[in-house]
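The data below hold one chain only, encoded as structure tokens and taken in the form predicted alone.
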Amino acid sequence: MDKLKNYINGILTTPYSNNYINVHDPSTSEVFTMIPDSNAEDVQLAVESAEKVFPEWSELPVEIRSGYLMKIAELIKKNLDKFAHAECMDNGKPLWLAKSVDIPRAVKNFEFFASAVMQFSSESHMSDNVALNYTLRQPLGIIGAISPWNLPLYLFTWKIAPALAAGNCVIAKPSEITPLTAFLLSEICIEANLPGGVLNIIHGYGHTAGSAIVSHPKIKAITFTGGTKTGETIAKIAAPMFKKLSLELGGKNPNIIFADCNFTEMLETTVQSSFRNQGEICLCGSRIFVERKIYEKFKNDFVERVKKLKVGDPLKDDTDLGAIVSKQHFEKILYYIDLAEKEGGKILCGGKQVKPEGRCKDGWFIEPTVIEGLPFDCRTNQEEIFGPVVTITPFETEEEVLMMANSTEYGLASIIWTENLSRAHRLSSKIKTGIVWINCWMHRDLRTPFGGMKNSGVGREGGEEALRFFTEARNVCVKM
């Protein structure tokens, strides 16, 4: 069994401790590789390599930095099938999904920020013809980037690309559950001749390697995507050190369906927004609110459509839902399904483990699950499950559904289905989420700000928001 390595100072290297962590294929439950169990010593080596190269990297003409990012994008695209298979094996998601969404989006992240940084400009202000003020935006230095397991390369590159484009060096940690595509990215960076130390990739647990990154005094900013509890821990460490923080955390997103919607389009999209990637996307609409006059029709048609979804081997082209990412998360989802029944919910379909035949017989699979009859404020409707589980609830008025939609501690995304433009604008201004989709889901323009309200995070990513986060603003005032 080949062991993966850290990427520090431009080379692949073994961990300081010489200890390793098993990595499982969720579709079979088998261990298929091992990753470094990195610690503070490995992070220190990465910091030292980043410190050494930062002055040169930050002062490179922006066209050259952009060129490196474009080269990395080109090489990922060239190796798309290899990356997609790795993502499928690592995460359990269907191979077709990794090929069509995850890896192409990682390519796009590098391409977009390679282009965006070329257009990035600063402000200037003339003060009563007496003085000229202009803003310098300069890279922060060393950035810590910690990414989750649900969209491994997609979200890893979403953080790395803008930080590098802005002239920073990065120490990045992928999830220990899904490290494989991050390791392949290390190899790509070597092939692209990225200067040693500009990007360092450290593998390991959050409480050791991740904590060492967050607490290191020479790392100036932390960008993190993951659970709200982990984000709280990071903030407790980083805030007293006055580090810049970008935290994209949990979600319990409402999907609000009015009777005047385009029913056919809504139904198909709602199946996707409920169960894409096994429901393991922070933007999935897990609480579905349906106007009462179409509730029974929606329920019947939705359940009929969900029952046709195929759960099984992620390598097969006709698989709709693959494996749950880990045994621990698999057991968490089953716990919440059991809790929903105890809270009075009725399972309309799904709710059970799936045991495919063949190579996946020991994998972690769960049926797509639809539950009705739960109060809006029960635990099942308030706590993040992050799996193939949705609840459906009828509503009578805008005021009622808005109250239920805003009732959770989360505020990441929402979906509104209506042909009434006035209603769409009215609800969009009152719903407490950082992203509102109207008559669509997952349409992402990379120029727009991305992030949540309440316990769904701090700060915004995407477009100029990301480039601003990864730079320090300095005002210069020149008397005329």
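Start at 1 and count along the sequence shown; that's the residue number. None of the values given here were measured: they were computed from a predicted structure.
If you look for the form predicted in complex with a small molecule, you will not find it shown, but the lines that follow are about it.
Taking a heavy atom within 4.5 Å as contact, would all three of T13, I142 and G197 count as contacting the small molecule in the model of the complex?
No.
Taking the small molecule in the model of the complex as the reference, which of G363, G345, P148, G350 has a non-hydrogen atom within 4.5 Å?
Residue within 4.5 Å of the partner: P148.
Listed residue that, although the small molecule is not shown, lies within 4.5 Å of it in the model of the complex (heavy atoms), from G285, P179, G250, G312:
By the 4.5 Å criterion, the partner-contacting residue is G250.
Select, from the options 99 to 107, 206 to 214, 254 to 262, 134 to 142, the stretch whose residues sit within 4.5 angstroms of the small molecule in the model of the complex by heavy atom distance.
Result for this chain: 206 to 214.
Does P174 reach the small molecule in the model of the complex, with heavy atoms at most 4.5 Å apart?
Close contact exists here: in the model of the complex, P174 approaches the small molecule to within 4.5 Å, heavy atoms only.
Would F113 sit within 4.5 Å of the small molecule in the model of the complex, counting heavy atoms only?
Contact check for F113: no, nothing within 4.5 Å of the small molecule in the model of the complex.
My question is simply whether F450 lines the interface with the small molecule in the model of the complex - judged by any non-hydrogen atom within 4.5 Å.
Yes, F450 sits close enough to the small molecule in the model of the complex that at least one of its heavy atoms falls within 4.5 Å.
Any non-hydrogen atom of L155 within 4.5 angstroms of the small molecule in the model of the complex:
L155: yes, in contact with the small molecule in the model of the complex.
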